[in-house]
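First comes one chain, alone, set out as structure tokens in the form predicted on its own.
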Amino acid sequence: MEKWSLMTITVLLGLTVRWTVSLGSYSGAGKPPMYGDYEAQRHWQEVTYNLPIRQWYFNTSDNNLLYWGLDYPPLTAYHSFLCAYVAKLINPDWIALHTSQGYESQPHKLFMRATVFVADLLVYIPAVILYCCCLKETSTKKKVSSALCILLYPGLILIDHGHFQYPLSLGFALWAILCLSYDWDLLGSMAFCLALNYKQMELYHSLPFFCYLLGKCFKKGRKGKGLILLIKIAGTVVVSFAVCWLPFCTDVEQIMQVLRRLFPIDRGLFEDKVANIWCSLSVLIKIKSIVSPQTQLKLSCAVTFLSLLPTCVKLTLEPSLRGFKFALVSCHFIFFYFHFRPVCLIINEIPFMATWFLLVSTFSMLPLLLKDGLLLAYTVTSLAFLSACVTSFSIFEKTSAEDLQLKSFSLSLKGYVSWFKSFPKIVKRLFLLSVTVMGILTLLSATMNPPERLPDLFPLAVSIISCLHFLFFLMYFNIVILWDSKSSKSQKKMS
């Protein structure tokens, strides 16, 4: 009973923080003509409710794709239709065709915020609570602490309840991970298919799912049980996709148009000043000028594939839940960098590094959050999250080689690298330096105007500093994965 009482308090605290953040500004508030993601979600409700399905992804006189055209998979469209149905009952003006474009009002904002709140409450938060409750060989205090820190992660709260997005794809993916931890492979496969069909970015996580399940089938035997499991999983995936895409399967052109909207590769590798390797390298090497878009795409695919190979091969040959979770982290890093964040899942295993990374991931969104008027929310939620992690996990006491899962790696370096013994002190100093730099850059970005000659100075500085952090974390997590000696012991455990 004590565990569930504490979990209830944790959920209420998480919900309170979410609703408080939602009272603030949102993406594109009062900024015509395009507004922002808030208007995009409202516009998708307008389109899906007023137009037949065959027109949702096509450019027509009633559906201008240049004005926030639908570019997410079918489940997002169905969800938009469901929200629109409720909106119609409350106020038809909110989704009236054409005349509702750019609609903003306090009651409508309350409705839109409520739709995110309900989605969080019904899908994502229950998955978090069950995931933490099912952590094995973990005390009640640690389970509650994990849930608290995951639910207070500022990056997700600020994007969903501040900027404006829905957490459903991440929720479905977490349900899939939860199912796989109990060997419910078919349910897990179906849940991940729902995640993919809600937001195509879940492709970041698809390779670890594929390699883990394939490795599991191989382990059961390439014939008999293993082959039967593989056929069942393949059948589940096909049926799940078929059900989601059924209304668009009337002709090939419908399917091709949806795919063109989902994967606009013509945009290239550069999307705003994001903290990936390509944007950071472009400061020194003008990649856009010297490399054609087609070559950029090929280069990106090649580097991504080579970077993924070690982690995916190991997961296929040695499938384990622990290795699977770390592979999710590593693959997300690689796709985020080399192709165009699940670290919460391992915050109970490596609290120091997980906390550090999650703070940096939130900081990397600073230019976007400043644009949305969310500086206060960013500052308060980041400090609250850091305080929760320090209090719950005593992170500054968890910096030994064993605590950082580097014991095997340190033993392999013994006699070669003398300074590794002082690594705990070094990593603490690096953390403090990192937090100081992020704090200073946040202050400068919020209070100073950049030089006229360098209007993007602060966003670019945030991008480069975040990218350097992420490269460090990528190297660290790959070392943990490749030198992991616990995978075979934890194959049937939820670490």
Partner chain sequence: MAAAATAAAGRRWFRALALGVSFLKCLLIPTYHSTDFEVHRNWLAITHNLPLSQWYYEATSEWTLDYPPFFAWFEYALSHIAKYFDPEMLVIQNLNYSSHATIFFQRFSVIFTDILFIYAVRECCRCVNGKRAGKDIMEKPTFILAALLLWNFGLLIVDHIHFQYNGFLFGLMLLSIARLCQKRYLEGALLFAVLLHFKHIYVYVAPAYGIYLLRSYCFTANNADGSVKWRSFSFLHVTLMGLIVCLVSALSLGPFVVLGQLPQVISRLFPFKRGLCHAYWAPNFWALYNAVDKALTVVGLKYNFLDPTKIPKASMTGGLVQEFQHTVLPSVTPLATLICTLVSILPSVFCLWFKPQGPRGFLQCVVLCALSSFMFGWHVHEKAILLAILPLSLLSVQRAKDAGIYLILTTTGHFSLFPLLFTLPELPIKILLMLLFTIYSFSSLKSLFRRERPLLNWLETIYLVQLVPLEIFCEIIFPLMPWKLTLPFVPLLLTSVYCALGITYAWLKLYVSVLTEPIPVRQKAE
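Numbering follows the first chain given and starts at 1. As the structure is a prediction and not an experimental result, all values here were calculated from the model.
Only in words, not in the display: the form predicted in complex with the partner chain, which the text now covers.
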Which one of these stretches, 310-318, 69-77, 377-385, 220-228, sits within 4.5 Å of the partner chain in the predicted complex when only heavy atoms are counted?
377-385
In the predicted complex, which of the listed residues (139, 99, 394, 105) lies with a heavy atom within 4.5 Å of the partner chain?
394
Would you check, heavy atoms only and a 4.5 Å threshold, whether residue 81 touches the partner chain in the predicted complex?
no
Verify the contact flag for residue 17: yes if a non-hydrogen atom of it lies within 4.5 Å of a non-hydrogen atom of the partner chain in the predicted complex, no if not.
yes
Residue 242 within 4.5 Å of the partner chain in the predicted complex, heavy atoms
no
Is residue 117 near the partner chain? Define near as a heavy atom within 4.5 Å, in the predicted complex.
yes
